[in-house]
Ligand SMILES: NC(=O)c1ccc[n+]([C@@H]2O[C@H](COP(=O)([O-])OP(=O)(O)OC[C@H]3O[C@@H](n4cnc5c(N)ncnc54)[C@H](OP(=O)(O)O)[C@@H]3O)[C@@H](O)[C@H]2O)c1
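Take a look at this single chain, the form predicted on its own, given in structure tokens.
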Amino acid sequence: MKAIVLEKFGGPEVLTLRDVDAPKAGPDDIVIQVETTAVNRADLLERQGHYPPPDPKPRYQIPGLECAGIVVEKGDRVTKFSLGDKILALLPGGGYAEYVTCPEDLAWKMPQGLTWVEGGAIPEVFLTAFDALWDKAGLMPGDRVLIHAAAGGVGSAAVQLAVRAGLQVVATTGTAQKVAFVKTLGADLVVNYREQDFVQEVQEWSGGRGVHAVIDFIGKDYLTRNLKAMAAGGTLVVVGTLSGVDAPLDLREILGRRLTVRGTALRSRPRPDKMRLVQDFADRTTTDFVTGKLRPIIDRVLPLDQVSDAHRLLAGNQTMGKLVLAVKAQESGESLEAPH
């Protein structure tokens, strides 16, 4: 099969397409014919050698943390799926390929009516946002949440999930075009962080009460301000560290206002935790994807052999929503529309 294999670490130019052996299903695994996958910031880190795959180490280091595709092989103990099922999957890696193996409990049936492009844009970002809002922050309807990088893949998913759940949403982004876009997702207040102080805007909007949670992708540069934007007893959920990882922390802020700081990452999490998250997410959101109340935001679709360009676009913050990679359908000339 064809796959993007990391034989060395470096810039986008190290991402090259080559022929490798196709994977085989273990007893609890399915083999997926990948129709689409997508590019995430974690992939950029992996390409640079900073985000290794979990043990057991695969024979080939192939990036890609999600996919939409068709079950073409299954292990002896697999009971959830049949051959030919159209599914979405959260992967430990391997998505940048024509075929990938996945434990059956980390996959779920693709919501009816979605295209392959839409399906490939869902697993990693929506599961990350779902986990941050509910499992890590424990938010309830009516709570206030600040979501940074709201025009990105995880950010746009988090805004939609929060609005759908009845939260009050403040979002930040960096251009007028992105501000207008995030407003269409239903955020109550959208702040252009290049022109406005998000702490001041949050405090004015909330009547000085602050937000119950902050979903942050920035890290170092935002830590102090995130804490100042929070209500007493609030939770900061760190999803990414785009500005760096080393930041001073004033413990008086934590102690005096009973704040909580939590981190989250899907790839390194124990499999039972990921299984629970996937099942909960599928149960609670499938109908909303079918009805269009939730929708993956697609910036553009590129063929797998243009993955280097996709990495450059994401690294340059030139996207709104997800960069999707067409794999099997692009190679064969088939439609990217999923059968309805």
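A residue's number is simply how far along the shown sequence it sits, counting from 1. Keep in mind that this is a model prediction, so the values were computed, not measured.
Although not depicted, the form predicted in complex with the ligand is the subject of the following passage.
Chemist: Which one of these stretches, 136-144, 76-84, 96-104, 263-271, sits within 4.5 Å of the ligand in the predicted complex when only heavy atoms are counted?
Modeler: Single hit among the candidates: 263-271.
Chemist: Using heavy atoms and a 4.5 Å cut-off, decide whether Thr128, Gly155 and Gly321 all contact the ligand in the predicted complex.
Modeler: Yes, the whole trio is in contact, each within 4.5 Å by some heavy atom.
Chemist: Determine whether any heavy atom of Ile218 comes within 4.5 Å of a heavy atom of the ligand in the predicted complex, and answer yes or no.
Modeler: Yes, Ile218 is a contact residue.
Chemist: Is there a heavy atom of Thr235 lying 4.5 Å or less from a heavy atom of the ligand in the predicted complex?
Modeler: Answer no; every heavy atom of Thr235 is more than 4.5 Å from the ligand in the predicted complex.
Chemist: Answer with yes or no whether Thr241 is in contact with the ligand in the predicted complex, where contact means some heavy atom within 4.5 Å.
Modeler: Yes, Thr241 sits close enough to the ligand in the predicted complex that at least one of its heavy atoms falls within 4.5 Å.
Chemist: So, His212 and the ligand: in the predicted complex, are they within 4.5 Å at any heavy atom pair?
Modeler: No - in the predicted complex, heavy atoms of His212 and the ligand never come within 4.5 Å of each other.
Chemist: May I ask you to choose, among Val169, Ala229, Ala149, Leu91, the residue with a heavy atom within 4.5 Å of the ligand in the predicted complex?
Modeler: Comparing distances to the ligand in the predicted complex, the residue within 4.5 Å is Ala149.
Chemist: Within 4.5 Å, heavy atoms only, which of Arg258, Lys109, Arg194, Arg164 is in contact with the ligand in the predicted complex?
Modeler: Looking at the other structure, the residue within range turns out to be Arg194.
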